[in-house]
Structures are given as C-alpha cells and as structure tokens.
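The chain that follows stands alone, in the form predicted on its own, written as structure tokens.
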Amino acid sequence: MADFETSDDDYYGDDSLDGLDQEEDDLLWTPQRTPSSASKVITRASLLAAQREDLKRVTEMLTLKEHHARTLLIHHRWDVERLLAVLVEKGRDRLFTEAGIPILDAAHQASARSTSSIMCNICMEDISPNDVTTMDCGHCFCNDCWTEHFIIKIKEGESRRVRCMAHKCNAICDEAIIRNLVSVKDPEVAERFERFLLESYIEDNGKVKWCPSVPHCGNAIRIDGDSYCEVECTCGLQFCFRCSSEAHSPCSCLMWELWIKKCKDESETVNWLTVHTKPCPKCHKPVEKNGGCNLVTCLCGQYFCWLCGGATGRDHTWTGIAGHSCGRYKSDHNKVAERAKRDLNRYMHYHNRYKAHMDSMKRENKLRETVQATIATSESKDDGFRDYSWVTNGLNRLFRSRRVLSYSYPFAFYMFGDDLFKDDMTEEERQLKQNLFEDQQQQLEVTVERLSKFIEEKFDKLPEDKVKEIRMHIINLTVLVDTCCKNMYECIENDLLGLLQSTTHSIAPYTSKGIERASELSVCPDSDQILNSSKANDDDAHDPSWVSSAPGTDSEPRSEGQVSCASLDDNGCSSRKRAREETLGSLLFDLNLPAEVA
C-alpha cells in the first residue's frame, strides 16, 4: 500500500482545473439514458408492439401468414438476422422444412373436403366434412381429436410449437385453428395458449430477458449488442444480462456463481473441519484431537479410535486399544491438513477484503442524502458557488469504482487459484500476472479511499478557499479513479483472460458513465390496427378480439429467476407463485393463472 502513497500535489497542480473541465463533462454521471440506448425496456403495454415489430418484418419480407412467421421466429429464437442468414444459406424450402412449415397444397385440401364423409384415422369414425379440419401439411382429422390433442400439448407446455398428430409429421399447426377449436371446449386453456404465444417473444428470445427484480417490476430488457453486458432497468435494478444475477463485473458469470456458492456454503470452513476433526460415533459432533494418543474422548463421554472413527472402550496401552484393532494405518494427514489450512487462509484473505469494500459501499450509499442536504445548505449561501455537480459526479464515481474494487477480489481468487485456470498457466506466469493485477488493484484501492475521504467532508461548514481546495481534489480524483478502472479492465481483458487459450470467461465492459439504463420501448399508437390487418390476411378463422380484451398476457415460466412481465398484476407478483384471482368466465385473460397449471 505504501508504494502508492502520494501527496496531494501528485494529483493536481495550480492550474490543474484548466485541462479537466472538458474531462469532467465527459465523465458526467448520467443514469438517465436517451432513447438511442442500446437496451430497451419492454413493459406490458409495449410487449405486443415489440413482438409485432419482428412479425411484421418477417411477413413482409417472405410474404407469409402471421402464424408461419411466428413459427419461423420461435424456431430461430426471434433472431431475425439469423433467420435471414439461414434463408440465404439454405434456401426458402429448407428454411421452412426445418422450422416445421409445410409446403401448402390447396388442391389436396380441396379434394379432402369434396367427399361426403371422411374417416378420422385417430378415432376411426366417419365424420362429416364440416366436422373435420385439414392442416397446412394436408393431414385431416376430426375436430374432437384435434381439440384433445391441442389441449394435451398446451397443458404439457408445448403451446409454442404444437405439431401435427400424424405419424412422423413435424409440421406446426395453425395457431388460429388451435385457438378456435380449444376455445369452444376449454376457454381457460385457450387463454393460456394466447399467453404462451405472446410471451414467447421473451421466453424464447436470446436478446430479451426478464428483469430479475423482487418483487417483480413487470419489465423485460431487450438488448441490441453483445449479451455480455450489464444493464439497468427503469425500476433501478442493475443486473448482468448474461446470467440475470446482480451486476458483478469484472467477475465472469461462472466466477460469480462459484463465489456466491462458496460464500453461502462456507465450503472452506467445512473443508477445514473435515480434515481436522472426526465425528463422534455417539453424538456425531465434530471432535478435534489435541494430543498424540489415538484414543479420543468426546465431551459426551464416548471413547473412539481416531484412526478409524469406531467406538471403543477406555482401556488402552501405548501399542493399542483393548478389544479394538483397525489394522496398520498410514496417511499423509499432515500434508492434507496443511493444504486445507492454506486454502482457508487464502479464501479468508479475499473474502475479508471483498466484504470490507461491500460494507464501505453500503455506508457510502447512505451519503447520498447527506450530500444532497449539504448541497442544499451550501446553495442557500452566497459563497460564489452555484454548481455543485462535481460533488454528485464524484459520489456516483465512488459508488461505481467501489463496486468494481469489491468484485475484483473474487476475480483474483479464481483467476490465480487452482479452481479454473490451473492448467492454463505455469506457476511463473501465474505469479507474474498476479503481481501485475495486484498493482492495478492496489492503485485503484488507494485512489478510491482518497476520493471517499474528500466526499465525506462537511464543505458547507468550511470557508470558501477550503471548499475550492476540496473541489479540486474531488474533480482530480474522479478522473483518476476512472482511469484506474479502465487500466484494470484493460489488464483483465488483454493480459489475463485475453491470453488464455481455452477460456470461456468473458466480462461486461467498463463504461465511464456507469451501467447503461435501458430506455422504454416506444409503443406504436396504431399497434391494434397493425395487428387486426395482419390477422385479417392470415385466416378468416382468426379472432382479433383477444387483443383488445387482453393487452398483456402470460406465458410458461422459465428458469434462472425469469418471471413473466405481462403475466404480472399491478403488484408485480410472479406467475409461479400467484394465486388465481379471476373466474373462468372472465373475458379478460387471467394474468394470475400459472401457465403450467391446468
């Protein structure tokens, strides 16, 4: 730490502010992002519009019906660019076949209805042509069999890709036919089918994820760039888009997952107890040996053999225990114990510093109200200062850099340990890289602590010349902290993770302005008209009334903490845990009905 101790003159000179005004403007902390943000918030109101945007694009380019466009998009996880790439590479017919879209054969369908009666190959009954349905693939069955098939598939969670029930037919059934047939027999299941279709835009989309806030805010986030990024929802929650955990850069997702598990399970402590203690055969509590004799006594009074852990009597000699023999015993117990102790000490070193900076960040978060009150008091004075943005900029920079510094310790724990990269570096390379990283880390730590010290100053009670001096300190340190963070990330990306041959550990990039706040996706005012016109071109059997009666619908829940945006009520409850509130006869979708429960 002493290697980086510097005087105040090292940070600024007499005219240091002259060249920093522009840099200060560049580093202004702007959590509110403009509409040109790379990430968008999808609310219940904009979910339908977001889906229509991609559906309209595909239907116009490929001249498709809406349900065929939806089938293509679901198959390609709503990635329009990937869909177009497959179209160019494999051709239209191959694209349709792989997604389950058959080549339409109108003549075959017409001939099927020309007969007086048709035998259903499922129930083996002769059925009137008016009571049978032919799918685009040409397979024809009675409406009752189709309905039962659809209901079963919806309840099994296959609503988004209900296949034809003919043997070895992979064609996806028309959603309009499914809607009409199921709604007659089971309106509740039909409503769930609608929820599945609508929220497939989020559940099956690789570039859209639910905000993991608890209680849930009802929003989803859509990104346009790399999935290795950290975003901020309009509810204020910042999270890693890749794994939906809290923002954890510079740790990779796997590093953070392992670190959280280690902290939660206290695995190192358990490991130490396993090596240094033996369970009592009577009370099963861990017992540590404090002498050389292998006959150990538990506090409960039970005698047992330390070598094998078996219960014994108390009579023993220097060579053995009366009535007990467990054979010859040879072990490298001392080496195992030393390694366990060394691993525990290493873990505690990184954990203590991680926790110390996390605690500092929590305390510094409480400074916001204090700083705002101090600014208000200072502005009421006629002291020549009217702009105190340098204080808020420094405070926000402190929050960001403190978090980076805190998470750098779990990164170092796994980067230079044996858990992940043991075979990727020699011991000499590991030591060189560790020294390089720790130099960057230590310099950042010193600068962050200095910035924290000056921000905590009660400048409203200080004379004007002292306030100017503090202002110079904070502005300079704000720039310096940002530079240190950039240098650390460059070290990680170029000198550490970037040089590993077989690594899958990517991290979210560092941005001077902090984690990007997603902007709300604009809702097209005539989205209902777009929907109705699209459905009119799809099939006469489509019923567009569900759109006006249910602007937001539910879907099948997913893993990793994802919960439904449109399936949330005003209280933000998850579709996994909410109780049903609406009756079966309601015209609106039951947004509280879990999708997987009939």
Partner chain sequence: MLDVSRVQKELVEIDRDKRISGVSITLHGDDISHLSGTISGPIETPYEGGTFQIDIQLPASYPFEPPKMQFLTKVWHPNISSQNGAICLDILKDQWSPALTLKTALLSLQALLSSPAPDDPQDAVVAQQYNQDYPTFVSTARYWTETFAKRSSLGIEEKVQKLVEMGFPESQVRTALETCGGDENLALEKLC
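Numbering follows the first chain given and starts at 1. If you're wondering where the values come from, they're calculated on a predicted model, not measured in any experiment.
Just so it is clear, the following notes concern the form predicted in complex with the partner chain, a form of the same protein that is not shown.
Student: Can His167 be called a contact residue for the partner chain in the predicted complex at 4.5 Å between heavy atoms?
Tutor: Yes.
Student: Do Cys145 and the partner chain share at least one heavy atom pair within 4.5 Å in the predicted complex?
Tutor: Cys145: yes, in contact with the partner chain in the predicted complex.
Student: Taking the shortest heavy atom distance, is Asp495 within 4.5 Å of the partner chain in the predicted complex?
Tutor: Outside the cut-off, so no.
Student: So in the predicted complex, does Glu156 come within 4.5 Å of the partner chain, heavy atom to heavy atom?
Tutor: Judged by the heavy-atom cut-off of 4.5 Å, Glu156 is in contact with the partner chain in the predicted complex.
Student: Taking 4.5 angstroms as the heavy atom distance cut-off, pick the stretch from 296-304, 202-210, 158-166, 69-77 that is near the partner chain in the predicted complex.
Tutor: Among the listed stretches, the partner-contacting one is 158-166.
Student: Among Ile260, Ile122, Ala311, Met348, which has any heavy atom within 4.5 Å of the partner chain in the predicted complex?
Tutor: Selected option: Ile122.
Student: If the cut-off is 4.5 angstroms on heavy atoms, which of these, Ala376, Ile152, Val184, Ile103, is the one near the partner chain in the predicted complex?
Tutor: Answer to the contact question: Ile152.
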